[in-house]
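Below, in structure tokens: the form predicted alone, a single chain.
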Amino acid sequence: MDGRKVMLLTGASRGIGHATVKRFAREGWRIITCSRQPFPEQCPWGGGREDHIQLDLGDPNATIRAIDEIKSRLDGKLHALVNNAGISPKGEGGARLNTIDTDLRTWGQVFHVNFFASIVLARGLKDELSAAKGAVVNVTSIAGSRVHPFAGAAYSTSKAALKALTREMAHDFGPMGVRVNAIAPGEIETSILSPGTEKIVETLPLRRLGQPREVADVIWFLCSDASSYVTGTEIEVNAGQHV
């Protein structure tokens, strides 16, 4: 019987997800990853291939079907669920998609990945989370609370909805002993960044981009015993971008 704690992480193949895998692996956790990509060969964590599930969270039927496969890989307990997957479609030439330009089907796809998948997975795995007195972390965004020059309207509103969902889930999952929190990253040095971000960085109190590992450390805090009385909150990881 494997005695390690277990985390399920969506959007694992790069950026914040990749850094989070490395952070939890360093603590000796077993990590089950879900992403649209097949298992990335260059990833440096052991046991990754057997614990990777290729899944398009934009397909609600596929997400619902995946619950049984995930359950089959658990020993009845899930200590952490990190809903990190997110998509932010762009228009022609990388243009920002606003409320007027975004096709309804694009809205739907963004909300399936960024919002609905989070509750589908948490609800489907609530018994395993409860058995472990586990934690859920929803990854929101600075764009969830203000108009952002690059993030589109569908992305931004999906992240705002995910923040509200965090509150609702904390209320509903709390009696099971499961904590639910969110983190809202600002300008983090990942492939999702748009050209022009350096102009935003000049206005930040800390005057620099964040590193994925700095976000992973906050996710680790929210899944560890150090935050055992913290639930229903959103921690901003943004160098003071909101001040």
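So that there is no doubt, residue numbering starts at 1 and follows the sequence shown. Since this is a predicted model, take the numbers as computed values, not measurements.
Beyond the structure shown, there is the form predicted together with a small molecule, which is absent from this document and is the topic of what follows.
Chemist: Whether Gly134, Asp172 and Asn181 jointly form a contact site for the small molecule in the predicted bound form is the question; each needs a heavy atom within 4.5 Å.
Modeler: Not a single residue of the candidate spot has a heavy atom within 4.5 Å of the small molecule in the predicted bound form.
Chemist: Pick from 29-37, 65-73, 200-208, 173-181: which stretch has non-hydrogen atoms within 4.5 Å of the small molecule in the predicted bound form?
Modeler: The contacting stretch here is 29-37.
Chemist: Considering Ala80, Ala85, Ala154, Ala122, which brings a non-hydrogen atom within 4.5 Å of the small molecule in the predicted bound form?
Modeler: The residue from Ala80, Ala85, Ala154, Ala122 that makes the contact is Ala85.
Chemist: Find out whether any non-hydrogen atom of Val139 is located within 4.5 angstroms of the small molecule in the predicted bound form, and reply yes or no.
Modeler: Taking the distances in the predicted bound form, the answer for Val139 is yes, it comes within 4.5 Å of the small molecule.
Chemist: Does Asp56 make contact with the small molecule in the predicted bound form, using a 4.5 Å heavy atom cut-off?
Modeler: It does: once the small molecule is placed as it appears in the predicted bound form, Asp56 has a heavy atom within 4.5 Å of it.
Chemist: In the predicted bound form, does Ile188 have a heavy atom within 4.5 Å of the small molecule?
Modeler: Contact with the small molecule, yes.
Chemist: In the predicted bound form, does Leu97 have a heavy atom within 4.5 Å of the small molecule?
Modeler: Residue-level check for Leu97: no, no contact with the small molecule.
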